[in-house]
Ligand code: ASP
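Next up is one chain by itself, shown in structure tokens, the form predicted on its own.
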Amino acid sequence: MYRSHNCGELNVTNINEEVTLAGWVQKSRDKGFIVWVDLRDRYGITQLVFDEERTSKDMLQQAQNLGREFVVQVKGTVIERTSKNPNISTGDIEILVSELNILNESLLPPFTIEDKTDGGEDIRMKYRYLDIRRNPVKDSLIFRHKVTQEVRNYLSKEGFIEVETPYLIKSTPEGARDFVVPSRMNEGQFYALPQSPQTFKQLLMVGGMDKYFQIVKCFRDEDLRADRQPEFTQIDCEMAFIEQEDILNAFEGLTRHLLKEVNGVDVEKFPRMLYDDAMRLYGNDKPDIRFGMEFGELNDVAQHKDFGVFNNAELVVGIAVPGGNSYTRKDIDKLIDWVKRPQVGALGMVYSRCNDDGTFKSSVDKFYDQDDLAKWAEVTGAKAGDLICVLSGNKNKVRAQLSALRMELAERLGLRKPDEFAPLWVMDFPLLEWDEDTERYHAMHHPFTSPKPGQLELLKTNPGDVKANAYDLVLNGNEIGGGSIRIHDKETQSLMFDYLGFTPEEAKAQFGFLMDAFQYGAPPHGGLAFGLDRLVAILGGQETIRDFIAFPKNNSGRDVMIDSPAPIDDEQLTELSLKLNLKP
């Protein structure tokens, strides 16, 4: 037995007990006549003590030579510490060591294995197995485990059955590039890794499983950012014989359960917002409603003067920044520079100060009088002491730009508090969106999403106006889940493929198996998939997902620890009937 206790459980009730511990050397303090060593494992830290009065000379010298991250086993007696440490659970005791065994030595780590490390992100990703020893990463992985266990327990109690679906499937268009896998046994043919188990969970509904879930890996070959990985995990769910309200109630229940059990937070209200209202009021389809700063559209009160910038714009829109009148001119200039960055893309920003005495001071005073600016304040909800920030231009672009500014200001003002949770359903998305490059419609979610009841005929006359029977669950400005009521009959699915530009032959080749299944009594069904990585990060008070994944990839999709992806040798290429055609 390597240990009788872990390094986080001993306390004053164990004084005078003989114990055996094992772990890593966190650090040591050598006073010559006495050596203290902090021993660490997953559960905590226990202080070891070696002194010349009670420790043999050889063992004292051995303790003096212990390096950081050496793996050791010790036996000894629990004694009370004279200088207690209230910051750790074992801070009242220490172990007077009677036997020391070095199980494995360690090179000096490339960064300190401490909560606040001196290692940058690149070096920590290269040595991820060392980074996992640090409490922030270790605790994040344990937190993820807790969330997934709560998910499984809740869904199982609600009658959901966990079913695994294949990873080696066929390539189907679902909005991103597929990762493809060559088949050695079927020369010249390829599997694809699933972007989601979409068609399989629908087939499980045809198969009568009624309530399905799976915590499943999904794969998308798309441009990466801090909250996106090429392989990610979904809580994938589907239900049969349901309507939209059944889905919303079921997964409100799951979200409420997680917030209560994981965070100790009771959230009763899950407001609902139409997609069109989310875009109009917040400029995006996943608004953070923990704070205000709703958009005010100013066309009617700003396009009647000789200010060409506004007059020539499709949309003039502003927000009221609470307390923003305290910003100096230098502060405002920095905001203007911020919105002009390529990542945001605005050409500039107009502002108006709302003074305490009820007057206004604007950067466009030449064109607008006090009555005009008072109307700006009324439309944006600005009060004395606020600052009105106004952008203008193409409707879709300017909404996205002002949304980015709203979120940046909220960060600066401390309005995005990680311990506050504000869920929101966003509903009635467009079914289709027009792509200028391909000059055709694409499914905004995926090709199996059903139109809202009563709007099927509208597909023939105004396809861009058709609303999807789809919904996203937003938490603190992040989409944590999305789903829809599915099409469940062959005729409607065929019509959908027609509007997406599939020929009958292409539709049959890609999805013939699903269309065939619909002819054998497919029930009405729908579902929702949570992004587990993002959900866990938000519940854990963070926005980025990387620390909640054991072995993440960087922003180039590389695993720098194992140096992947990597070339394969010519023999493997020949075996797979592949030939590289690399661009020079």
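The numbering used is simple: start at 1 and walk along the sequence shown. None of the values given here were measured: they were computed from a predicted structure.
Although it is not shown, the form predicted in complex with ligand ASP is what the next lines describe.
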How would the site be scored, open or blocked, if ligand ASP were superimposed onto this chain using its pose in the model of the complex (blocked means 3 or more ligand atoms within 2.4 Å of backbone or C-beta)? open
Please state whether all three residues Gln198, Arg220 and Leu528 have a non-hydrogen atom within 4.5 angstroms of ligand ASP in the model of the complex. yes
The listed residue (Arg353, Arg256, Arg128, Arg486) that reaches within 4.5 Å of ligand ASP in the model of the complex by any heavy atom is Arg486
What is the one choice in Arg399, Lys452, Arg134, His445 with a heavy atom within 4.5 Å of ligand ASP in the model of the complex? His445
Mark Thr380 yes when one of its heavy atoms lies within 4.5 Å of a heavy atom of ligand ASP in the model of the complex, and no otherwise. no
Mark Gln234 yes when one of its heavy atoms lies within 4.5 Å of a heavy atom of ligand ASP in the model of the complex, and no otherwise. yes
In the model of the complex, does Pro423 come within 4.5 Å of ligand ASP, counting heavy atoms only? no
If we define contact as a non-hydrogen atom of the residue within 4.5 angstroms of the partner, is Gly482 a contact of ligand ASP in the model of the complex? yes
To test your reading of this chain, name the stretch in 312-320, 162-170, 190-198, 328-336 whose heavy atoms come within 4.5 Å of ligand ASP in the model of the complex. 190-198
